[in-house]
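One chain comes next, on its own, written out as structure tokens in the form predicted on its own.
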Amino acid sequence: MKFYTAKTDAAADRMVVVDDMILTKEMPTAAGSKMLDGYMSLFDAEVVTRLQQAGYAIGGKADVGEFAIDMLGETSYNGTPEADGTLVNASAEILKEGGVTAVVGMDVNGSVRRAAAVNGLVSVKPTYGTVSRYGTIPVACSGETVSVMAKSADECFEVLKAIAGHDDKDGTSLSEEQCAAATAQDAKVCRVAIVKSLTDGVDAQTAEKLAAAKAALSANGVEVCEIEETKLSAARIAWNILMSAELCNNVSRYDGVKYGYRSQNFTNIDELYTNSRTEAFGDLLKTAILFGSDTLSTENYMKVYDKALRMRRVIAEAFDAIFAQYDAVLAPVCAKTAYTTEDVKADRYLSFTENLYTAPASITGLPTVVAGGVQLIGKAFSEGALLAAAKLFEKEGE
């Protein structure tokens, strides 16, 4: 098992590891793919610069699944990280080993949140646009977010404060005032909704974690109610469409010409493109590319891709209706508390079905905090309130 793709000699009280989706000029960035094996960036990502300016040392790079669209990192070019047949996540294992304050990584398809949930860690996926994505490997640009994973809500909050803020180099970056709101602590979570459609299919252990979080919140004066809202479960299909379409466009730059893996078996430019991608990309990524390409075809653009965009708006409006009465949504992060290599062998597209629980926040760009094996999804810029609420149950259900 390879948890680090690169490690530094840095020694500091505050050490942060970034994952292999974030560019670093002193260490290679491969996005878990043979296509970018050994690639060296000419510059650091904005989050790396901000971490260093805040006094954090960069301890190394954590391995990821290929372009971070899988379950827990099992599609990495470096091999499937597992222990006794159970899938493990490189970032989570690095944190559990100790000596690292947090891991900062890209949440594309929920793998960061999933890893935190199954390992009893805390993560925060901030409001879209509050943390710069300049210098990150682009996959699904309309929903991917630089996120933080740590052992506690307090550590997550401190790292989030260091990296949040407006960046002129990122066209989706929000204003400094909006970014500052994401780290404010003047609001509280008083009412929480549990959406029944987002609790379907979870195992007994996950249901226990959800019950433990509910009990902890209730014991601390937070009102928790179960509600009916079926629109949120449609986020999975819509996000899979949008993510695959955007991924298809973003990986088109990897053609074996200017950088990245180049096939040695070609006689013309078409064969160079085809063979380089065939040899370097993994099966899950190839499937997503083909699906995305078909989605964007003339025949399917309006009836599939455009419809998914309209579904995004419907889901956002459904959240707005919930947040008119509640401060947050309490939900599972995944259906199980552990996944095995056999699970992903039996269903190679498992991450595209398991994102039933992570897609609602991905497609809407809403902030999400994972603690105690479950997640709280909140209004835009409510990270401070969510992390404060998560402290009430971050050790529950472990």
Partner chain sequence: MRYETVIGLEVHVELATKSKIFCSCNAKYGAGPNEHVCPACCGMPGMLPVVNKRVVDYGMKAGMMLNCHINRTTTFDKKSYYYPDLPCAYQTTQWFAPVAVNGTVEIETSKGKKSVRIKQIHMEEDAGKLVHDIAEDTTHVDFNRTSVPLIEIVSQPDLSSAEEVEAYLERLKMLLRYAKVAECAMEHGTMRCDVNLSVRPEGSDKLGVRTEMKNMNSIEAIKHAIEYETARHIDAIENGTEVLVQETRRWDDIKGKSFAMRNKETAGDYRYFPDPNVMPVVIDDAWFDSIQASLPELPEEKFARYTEELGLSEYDATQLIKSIALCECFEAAYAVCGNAKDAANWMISEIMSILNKRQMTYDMLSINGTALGELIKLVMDGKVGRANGKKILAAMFEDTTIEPVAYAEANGYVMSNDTGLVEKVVKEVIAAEEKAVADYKGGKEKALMSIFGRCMKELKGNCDPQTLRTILTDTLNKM
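The shown structure was predicted, so the numbers you read here are calculated from the model rather than taken from an experiment. Positions refer to the first chain, counted from 1.
Unshown form predicted together with the partner chain; subsequent notes refer to it.
- Although the partner chain is omitted here, in the predicted bound form none of K96, K188 and V202 has a heavy atom within 4.5 Å of it.
- Although the partner is absent from this view, Y259 contacts the partner chain in the predicted bound form, with a non-hydrogen atom inside 4.5 angstroms.
- Within 4.5 Å of any heavy atom of the partner chain in the predicted bound form lies no heavy atom of F323.
- Proximity of T127 to the partner chain in the predicted bound form: non-hydrogen atoms within 4.5 Å are absent; the residue sits far from the partner.
- The closest heavy atom approach of A153 to the partner chain in the predicted bound form falls outside 4.5 Å.
- A heavy atom within 4.5 Å of the partner chain in the predicted bound form is found for exactly one of S293, N220, Q178, T278: S293.
- Interface residue among S297, T287, T230, T86, judged by heavy atoms within 4.5 Å of the partner chain in the predicted bound form: S297.
- Residues within 4.5 angstroms of the partner chain in the predicted bound form, judged by any non-hydrogen atom, belong to 161 to 169 and to none of the other stretches in 72 to 80, 191 to 199, 221 to 229, 161 to 169.
- Within 4.5 angstroms of the partner chain in the predicted bound form, the stretch 116 to 135 places a non-hydrogen atom from each of Y128, R133, Y134, G135, taken in sequence order.
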